[in-house]
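One chain is shown next in structure tokens, namely the form predicted on its own.
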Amino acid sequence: MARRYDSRTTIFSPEGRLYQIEYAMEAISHAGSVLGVLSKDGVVLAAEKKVTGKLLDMSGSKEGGYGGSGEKIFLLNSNVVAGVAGITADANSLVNYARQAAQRHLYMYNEDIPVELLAQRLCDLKQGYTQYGGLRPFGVSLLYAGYDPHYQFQLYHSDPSGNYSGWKATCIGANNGTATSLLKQEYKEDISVEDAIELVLRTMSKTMDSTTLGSEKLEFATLTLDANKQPKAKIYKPAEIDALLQKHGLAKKDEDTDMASA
């Protein structure tokens, strides 16, 4: 019965469902997971990279730029970092839109855009794509880690329907159920950013499809305040991710490397 209603984005089924939005969410649930944790003095984001290959040129992420390969974690504004799960091409389009919205706000009001307002702007666009014929919903969910002086550190999640919600800790993408249940058990209200980093890495090591954690499979970012109480976003470079994993005892063991080269 459903087949008659699921080919068009704008037609409700008799149960009042829009199947194309549900299919978009299903696509996201197979994507590399993105995990965010809010702490009292910062926000931590980690993402699982799916595009890995020995022949992939990673020199740009190692030497120049802002760090990261730009596949899963993006800087939207000086006070907002986003992690994306789903179709990366759709994500690139939304990231550009978000950056423009943030810059327009900065130009008009001479202050960084509030995090929730930026999430709202993107959700307005996403909702429009569920309402007009000839369009399909964006197949991507975003986690926004941000800071503004009024509400301090915040973590938001938005999905293809145009809904968004604030979280203390959450996960999107593959294995999000397992990660969320682990976070429920271990998250504490007054967690520090150092403990949040450890919690995120530990949770990722248990929920990622890959058996070992390494910089080729992981992107990582933190948002904290600098000495002048201004938001400082840091997207980690591959060498920094490996050093972080080493510090928390989650790096590849020597025997794993030997087996890989054998």
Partner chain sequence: MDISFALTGKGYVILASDTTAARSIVKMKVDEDKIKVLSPHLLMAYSGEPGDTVQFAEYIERNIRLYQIRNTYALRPPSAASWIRRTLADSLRSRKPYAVNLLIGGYDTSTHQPHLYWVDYLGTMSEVPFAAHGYGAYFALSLLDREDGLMSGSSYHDPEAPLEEGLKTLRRCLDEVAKRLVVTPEKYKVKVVDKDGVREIEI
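Just so it is clear, the structure is predicted and the values come from calculations on it, not from any experiment. Numbering follows the first chain given and starts at 1.
Below: the form predicted in complex with the partner chain, not depicted.
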| item | value |
| --- | --- |
| Partner proximity in the predicted bound form: Pro114 to the partner chain, non-hydrogen atom cutoff 4.5 Å | yes |
| Non-hydrogen atom contact His105 with the partner chain in the predicted bound form at 4.5 angstroms | yes |
| Contact of Tyr109 with the partner chain in the predicted bound form (heavy atom, 4.5 Å) | yes |
| Close approach of Pro149 to the partner chain in the predicted bound form, 4.5 Å, heavy atom | yes |
| One stretch from 116 to 124, 79 to 87, 135 to 143, 183 to 191 that, in the predicted bound form, holds residues within 4.5 Å of the partner chain by heavy atom | 116 to 124 |
